[in-house]
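The chain below stands alone, shown as structure tokens; this is the form predicted alone.
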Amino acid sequence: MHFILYGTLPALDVFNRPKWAYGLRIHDACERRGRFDAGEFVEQFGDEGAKDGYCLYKVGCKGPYTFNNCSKQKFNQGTSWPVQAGHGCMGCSEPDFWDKMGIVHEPLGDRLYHTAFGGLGSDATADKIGVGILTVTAIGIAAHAAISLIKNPKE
């Protein structure tokens, strides 16, 4: 349909899936993401955190490892999606879903997957980029301070 309408093929991810649907992780567009960032997690289904809309990662949500647009498209004619209904993402759109995502109601913990680029997953890549930027910034600040001292020595 994209080719018929626009005369080009849509942008694709490394698994040849259209980026408009698979460009972001479930985690990136999740309405519970703020709870994740704040460290507020459901410890078991039915607890107070579950009632208050806390993050479902500790009860098995695979959103940080799954690329899809479920939170935008939703299911049942746009009514809801699993995380909104209180169940974590199962990661069903990922390659080798049954083998890699393991048991549905257990978190993956610190497990990182090898990506098509040979890395250890998007989280590891983001960490490396962050450390690189921090290092360059620190070097820049130190160089600026040294140059300022040389140009304007205190008397």
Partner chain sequence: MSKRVIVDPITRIEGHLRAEVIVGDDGVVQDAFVSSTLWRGLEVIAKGRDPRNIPLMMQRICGVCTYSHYLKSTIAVEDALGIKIPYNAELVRTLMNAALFLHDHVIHFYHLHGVDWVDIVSALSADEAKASKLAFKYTNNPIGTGENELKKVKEKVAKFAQNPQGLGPFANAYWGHKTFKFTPEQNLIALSHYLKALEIQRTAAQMMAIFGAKQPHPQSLAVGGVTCVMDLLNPARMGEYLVKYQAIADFVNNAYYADIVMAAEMYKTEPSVMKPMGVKNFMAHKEFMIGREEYLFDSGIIMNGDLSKVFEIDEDKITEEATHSWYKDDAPQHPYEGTTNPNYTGFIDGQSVGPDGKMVDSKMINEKEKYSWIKSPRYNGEPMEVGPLASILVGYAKGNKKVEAVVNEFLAKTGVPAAALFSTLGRTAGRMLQAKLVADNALVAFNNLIENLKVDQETCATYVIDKDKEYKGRGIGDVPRGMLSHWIRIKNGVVENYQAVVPSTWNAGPMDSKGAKGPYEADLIGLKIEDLTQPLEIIRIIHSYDPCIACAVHVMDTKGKTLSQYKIDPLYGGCTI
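Residue numbers count along the first chain shown, from 1. Note that the structure is predicted; figures quoted are calculated from it, not measured.
Omitted here: the form predicted together with the partner chain. The next part is about that form.
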* Quick check: do Q44, F75 and H105 each get a heavy atom within 4.5 Å of the partner chain in the predicted complex? -> yes
* Could you tell me if K58 has a non-hydrogen atom within 4.5 Å of the partner chain in the predicted complex? -> no
* Asked: Using heavy atoms and a 4.5 Å limit, would one call D52 a contact residue for the partner chain in the predicted complex?
  -> yes
* Do C89 and the partner chain share at least one heavy atom pair within 4.5 Å in the predicted complex? -> yes
* **the partner chain contact at H27 in the predicted complex, heavy atom, 4.5 Å** => no
* Structure fact -> Taking the partner chain in the predicted complex and a 4.5 Å non-hydrogen atom cutoff, the residues of 79-93 making contact are T79, S80, W81, P82, Q84, A85, G86, H87, G88, C89, M90
